[in-house]
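Presented below, as structure tokens, is a lone chain in the form predicted alone.
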């Protein structure tokens, strides 16, 4: 608690919020990298998971392969990418590492959500003459929605938190505040940087919870 209290003077100093090393600039970097990685992970994982879940074929293998990726430390992937020519491509290594980190929860939850839809409901919908597209949009997707959103929230918060590691390989973001504090033995700055990352993760989680409640198709039909 004492260290948290010591971080307040650093956070309340205007000079620490401006300039290329300031909080606002680092926050913009953090959001840009995290948002790009999360968006790419969604484009890769969600269509594949929803399609395989709808068909009921091949999904188990895809989920198992993606789960293997969870065992590989993100920092290890990032460090390996920095040994390749990609190290000269700005935030590309960081984005790739974060995409690989975000795909497993998105893929697993979306596929599981689709496959856990009550088969009797699906068969009843088919019996009513629904096409494959209608079945997907009007039955399977709404019923799978809770698990899909859980995966989205989990992946988004994990990406926000893990993007901090980019600073250890020369990348931008809020992690640079923490590493700069370590380099200068400035404990209040280290704690302030950690608090900023935690606060950002909580804000993103809160926004996604609000979006979940707003977009929930079950709420619209209640």
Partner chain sequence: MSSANCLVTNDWICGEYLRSRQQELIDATVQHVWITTISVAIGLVIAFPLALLARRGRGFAGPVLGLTTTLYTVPSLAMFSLLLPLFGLSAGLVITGLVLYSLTILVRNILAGLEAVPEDAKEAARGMGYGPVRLLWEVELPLALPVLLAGVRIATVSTVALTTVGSIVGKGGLGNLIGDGVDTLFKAQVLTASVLCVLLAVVADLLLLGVQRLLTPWTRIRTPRAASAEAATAVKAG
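Keep in mind it's a predicted model, so treat the numbers as computed, not measured. Residue numbers count along the first chain shown, from 1.
The same protein also has a form predicted together with its partner chain, omitted here; what follows describes it.
Checked against its partner chain in the predicted complex, the residues 168, 40, 31, 55 give one hit for a heavy atom within 4.5 Å, which is 168. In the predicted complex, its partner chain sits beyond 4.5 Å of every heavy atom of residue 208.
Contact between residue 105 and its partner chain in the predicted complex is found at the 4.5 Å heavy atom cutoff.
In the predicted complex, its partner chain lies farther than 4.5 Å from every heavy atom of residue 44. Although the partner is absent here, residue 36 lies well away from its partner chain in the predicted complex, with no heavy atom inside 4.5 Å. Contact with its partner chain in the predicted complex holds for none of 11, 18 and 92, as no heavy atom of theirs lies within 4.5 Å.
Using a 4.5 Å cut-off on any heavy atom, the residues of 98-112 that reach its partner chain in the predicted complex are, in sequence order, 101, 105, 108, 109, 112.
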